[in-house]
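Taking the form predicted alone, here's one chain by itself in structure tokens.
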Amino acid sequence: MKTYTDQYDLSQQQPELFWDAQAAHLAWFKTPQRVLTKDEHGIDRWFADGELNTCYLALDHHVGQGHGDRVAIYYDSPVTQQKCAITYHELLDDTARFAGVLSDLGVEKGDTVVLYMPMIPEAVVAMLAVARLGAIHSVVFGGFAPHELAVRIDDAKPKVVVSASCGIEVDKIIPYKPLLDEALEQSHHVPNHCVVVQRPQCAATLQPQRDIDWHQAVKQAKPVPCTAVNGTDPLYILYTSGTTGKPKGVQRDHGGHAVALNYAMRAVYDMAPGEVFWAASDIGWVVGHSFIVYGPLIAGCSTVLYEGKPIRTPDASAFWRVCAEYRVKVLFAAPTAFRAIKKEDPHATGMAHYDLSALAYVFVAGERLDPATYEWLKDRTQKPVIDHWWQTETGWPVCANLMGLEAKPTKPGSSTLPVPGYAVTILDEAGQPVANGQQGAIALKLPLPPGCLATLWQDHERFVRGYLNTYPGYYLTGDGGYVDNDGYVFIMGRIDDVINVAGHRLSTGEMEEIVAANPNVAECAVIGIPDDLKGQKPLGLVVLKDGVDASEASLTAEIVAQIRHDIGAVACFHDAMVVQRLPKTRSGKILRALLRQMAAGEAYKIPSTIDDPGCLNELEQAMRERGITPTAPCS
């Protein structure tokens, strides 16, 4: 079982045997006897009869084994000039006491708690405390606008919301409490209480009876023990981009999640207990859940919690400073972070000031790693650069170069090979596997390995409809790509309308709804166009109503402001272009894929179903005037 082929073949031929062996690495309260079963919906479930607690695995177990003095979290906040090292024993004490706070507020096993917090230690404590009680947390990224928070509160129906008085950016303070208050005014569900961390940079006004000061509550609380849960009980809900309307809540189980992350830390990232892992992300995203909080702590590692940016905190050498200061072994970030560093410091002169001898690997994910960024990063760091691919839905890597098992040669543009447990298949429109080198839809043959979603929060029908029905027997990833003759997987992009802006998956459909609501707009399309820094950025194509004489500049300003209010600055929507008409099929469907191809400079064919081919010439001219160079149609 020491080679990649050995492990991969066993995971495919005898998955129960393979994953039973991985589960044996964890401290279960009750060892599972049934590794893989079917639930009442016929969905594959892992470790259903096992009992455990994820917080226990992350904290209590390590302290009980005599590792309480090991550093669990290195907190580094260049925006507040604060640093601290929190041991496993200290983190366990803080978590057990905050679990006592939540318990006193009525939170029990199976209840939900929404977290709306910045990158501070209390956010990690809150996640672990919810898990300790057997409750379910839903972390909402602090950059989201009140409307986005409100719809998630309505969907998750939390008993308690945990927040902070503010978040801190490079050059500004963002008061969170007013945003939370506005969200609660919009939401139909009303939580019983809100617990608020008061930060000295911006104190919040607390509402009597409902709002509770975190620090005061913790002083009065008593620590509580872990609650045993079943392997298939939900640990968290994490909302991911989808179409407009009801949000799509990915539901993660305790058992499979813990087994998969513990395996990934060893096999993919080559991490051992006591070593330092840094995922330069945010706890609001799946990377933060899996590899800032749960993965490193379950594996007994030290994790870096960084409240800052790759640049301007204070400069483009911030990442290298953190890696050197904490002897980071693995750095994991999105390509957009390294593109920002490259833009500010193209020759990486700032890197020369820091000792990076402890840094063994640089992992990237979240969006396609373009070859130019790959080559720059590899050349400047002189470290292995590993592109790997996974999704919010899977929770851990689908394809990677497994550095803890058997390192393979890398290929620019490829996320290397499928991780043991995943059967990656490229399918054509008819659902048939295609030949090597031929592009198609990337699907995962069932059963999915542990750690992947088994349903969507309170919407199983949508789960089946969105992921399983397209290709029976397969999970549809929504990404397109191909596999070469060596088995290497190449991810080419999304096959739906979700774009990837600086590692954040955002729905163009949701943006279109906001643009279309403008009283001057007759119709619109929002597409993702290539961006050197962020990977993609949204562009709005707008057709005005007859008789409207609004300037393009004023209209753009209105739309940008509305999207910022409804979605948040994370959307990075800055540009709307007024056009005379949009290309459509005869049935009236806007040809968005064609628009994306034009704007990206890709070859495209004019479809036979187009209603008015003449509009393409107008669009090409309009794009050129905006600095976008579209391609001409191919024959």
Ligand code: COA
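Predicted model, so just to flag it, every value in this text is computed and none were measured. We number the residues from 1 along the sequence you see.
The same protein also exists as the form predicted in complex with coenzyme A (COA); that form is not shown, yet it is the one meant from here on.
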item: Candidate site Glu169, Pro310 and Gly503: all three near coenzyme A (COA) in the predicted bound form by heavy atom within 4.5 Å; value: yes
item: 4.5 Å heavy atom contact, Ile610 and coenzyme A (COA) in the predicted bound form; value: no
item: 4.5 Å heavy atom contact, Thr87 to coenzyme A (COA) in the predicted bound form; value: no
item: Close approach of Pro191 to coenzyme A (COA) in the predicted bound form, 4.5 Å, heavy atom; value: no
item: Coenzyme A (COA) contact at Leu184 in the predicted bound form, heavy atom, 4.5 Å; value: no
item: Options 58 to 66, 42 to 50, 566 to 574, 597 to 605; stretch whose heavy atom lies within 4.5 Å of coenzyme A (COA) in the predicted bound form; value: 566 to 574
item: Thr508, Ser138, Ser290, Thr336 - the one with a heavy atom within 4.5 Å of coenzyme A (COA) in the predicted bound form; value: Thr336
item: The single option of Gly142, Gly255, Gly540, Pro158 touching coenzyme A (COA) in the predicted bound form, heavy atom within 4.5 Å; value: Gly142
item: Members of 214 to 235 lying within 4.5 angstroms of coenzyme A (COA), judged by heavy atom, in the predicted bound form; value: none
